[in-house]
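Single chain ahead, by itself, as structure tokens, in the form predicted on its own.
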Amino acid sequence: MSQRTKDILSKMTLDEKVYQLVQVTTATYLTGENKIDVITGPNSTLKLDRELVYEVGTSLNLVGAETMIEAQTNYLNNSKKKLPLILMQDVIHGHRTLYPVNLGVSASFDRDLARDLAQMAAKEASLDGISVTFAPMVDLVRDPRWGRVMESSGEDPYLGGEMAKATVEGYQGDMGKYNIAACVKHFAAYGAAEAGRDYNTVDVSERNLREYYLPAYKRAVDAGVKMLMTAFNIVDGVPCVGNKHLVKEILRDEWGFDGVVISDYSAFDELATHGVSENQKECAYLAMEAGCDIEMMSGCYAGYLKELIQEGKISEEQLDKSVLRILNLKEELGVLDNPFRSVNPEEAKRVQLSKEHRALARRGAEECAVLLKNDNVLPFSKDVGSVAVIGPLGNTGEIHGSWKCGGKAEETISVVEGVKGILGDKVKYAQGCQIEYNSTDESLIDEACELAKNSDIVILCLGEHQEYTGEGNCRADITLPEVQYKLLDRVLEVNKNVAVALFSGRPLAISRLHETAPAILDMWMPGTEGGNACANLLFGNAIPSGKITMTFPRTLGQCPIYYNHYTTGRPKLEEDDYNRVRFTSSYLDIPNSPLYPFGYGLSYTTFEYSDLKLSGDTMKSGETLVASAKIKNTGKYKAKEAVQFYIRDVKGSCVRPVKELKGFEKIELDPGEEKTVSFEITEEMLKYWTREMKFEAEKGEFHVFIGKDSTCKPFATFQLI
């Protein structure tokens, strides 16, 4: 902490210190019809003092440079201490120019792309006066029913950590004019909610927590993330916001994180709802004891922290540490010297949705899309005479994704617009059906079939509405609506030259679609340039290279399903997957295997893997080995391939996963070109939490795989001695 911030702290009253830990909505400081009354409006439950509300440390939810200027000006005009607000916002997958949802970004297997996209979002947000984003979300997720899947990087801790690091670096950079502070969330294990239901119970062992759920948070902390947000859920029976083991012992003491910790929205109050405190005073005590600095949108600190200090239950030294962290962040961001920092309405208008930013968003959407199936249908020829775009997601901007921040549907390119940009007036559209998951209206199908019948090719835009994912938007049924299948079946009766463009924020259970559709291109929710990216991919201007980072189930009954599972004492052998084998870990009615495994994704070309080898067959502690393989483009298109590197620990003191991703590299090859890709094996990547709960590598046999997805079979063997 700097001497400057210590000097500021020394001149603050106890009330002023407490209010630095309070967060309210930015609209609290607006004027006129937009103003929120702190006594009778939405902030009324916080029970804030009318004067001390102008000593609040931070605010949230802001879109627009003019709004920021108004709020900060009004705040400073009424504040005695004149310590500027830090304005925070959920800049999740872009600010005004949106790129694919984070599950899509992870499918690119491209660290540099993730960094570039976050950097673009930071620039746009900073010009609107936002100094902190509540991102990245690094929660590991194994259940696609959970609504917040779209914010995650999927089911793998290593990939999640790599994307977390790249995203933090993109947002924060060197904390210059166009950078914003990142806030990694939600600590911890929020993605493990039972039944995929948001805010639900989480029950994981300490080993599972450390093995799978904590690594991505740790990677973000090591990357220098400025803030961390606690989760709504419980861990080991204790809500995270009041969980001393998580926040103080692991995050603060073990990992050495001295940045700002903030709660999620009203999570302090929810300690009482969980049943671990009787009132707001006890909520404030538990949160402060755990090490939580900022209280988002509840009134426990404001109402009772001063009283707790006066009673000696909380020391003023504890409060001072939290206040210093917040003041230090204000100093790092530069708001102590310039309360308006980089806000610039005129520059924002030039930069947001600029040609350069749209081009990056479009490239992101192209790199993130995953070709799930292709029976020699794609890419379509641009010489076709007529094109039918059909489906409820074909002529709408509502494909930019949930958590849109400043993004707008009317500024988002639809599939119809994207295809017309390539083929012009050859393109016609029919809706075909409604998008609502419970719709049974078939009245639009006839018109769509007539268009399909009289067209050379059909682009069928199916999936889920973008607001069916995101916070609080969980689904018990992750299949496509029956009316969409009826539309597909009827269209295929009159035209077989059909490709499905699938839009979703989660893996869907689409076995029926896989069996029926000639081609499936998963666009996720692709952002502002989604329609242009989709058109470029369908017509060969771009080549699909994305790989899924969450397993697609055959049916909901397989969930949760993930690639890095443990074996069992009675595993069903792979060769028996489609056969009934009683007394094995299996189902009566379906195979164990997923529809699409982790890391899966097709291309318009083909890649051949060969010559897997190791630089040695033994490795001593402290030494390294090198694993390598040759990858050759055996098709006719120049294309990218995400080469994946897996290790299996054959025997440990605890059961080990059947495979673990330990590295990846995105390469680009011309037709006929071959490249050797190498990965270094270190002792660190062999470590895990052993039976004695020590993080160490155990001697023994290891298998090494390099392949195109998590089902790759050839392996090389070495011994750690």
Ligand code: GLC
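No experiment lies behind these values; they were computed from the predicted model shown. Position 1 is the first residue in the sequence shown; the rest follow in order.
Heads up, the form predicted in complex with ligand GLC isn't pictured, but that's what we're talking about next.
The partner is absent here, but in the predicted bound form a heavy atom of 232, alone among 552, 75, 468, 232, sits within 4.5 Å of ligand GLC. Shown without its partner, this chain lists 96, 400, 547, 148 as candidates; in the predicted bound form, only 148 has a non-hydrogen atom within 4.5 angstroms of ligand GLC. With the partner left out here, ligand GLC still marks one of 599-607, 180-188, 159-167, 412-420 in the predicted bound form; by a 4.5 Å heavy atom cut-off that stretch is 180-188.
By the criterion of a heavy atom within 4.5 Å, residue 366 is excluded from the residues contacting ligand GLC in the predicted bound form. Among residues of the shown chain, residue 264 is one whose heavy atoms approach ligand GLC to within 4.5 Å in the predicted bound form.
Contact annotation for residue 296: at least one heavy atom lies within 4.5 Å of ligand GLC in the predicted bound form. None of the heavy atoms of residue 257 is located within 4.5 Å of ligand GLC in the predicted bound form. Contacts of stretch 109-144 with ligand GLC in the predicted bound form, defined by any heavy atom lying within 4.5 Å, are made by 134 alone.
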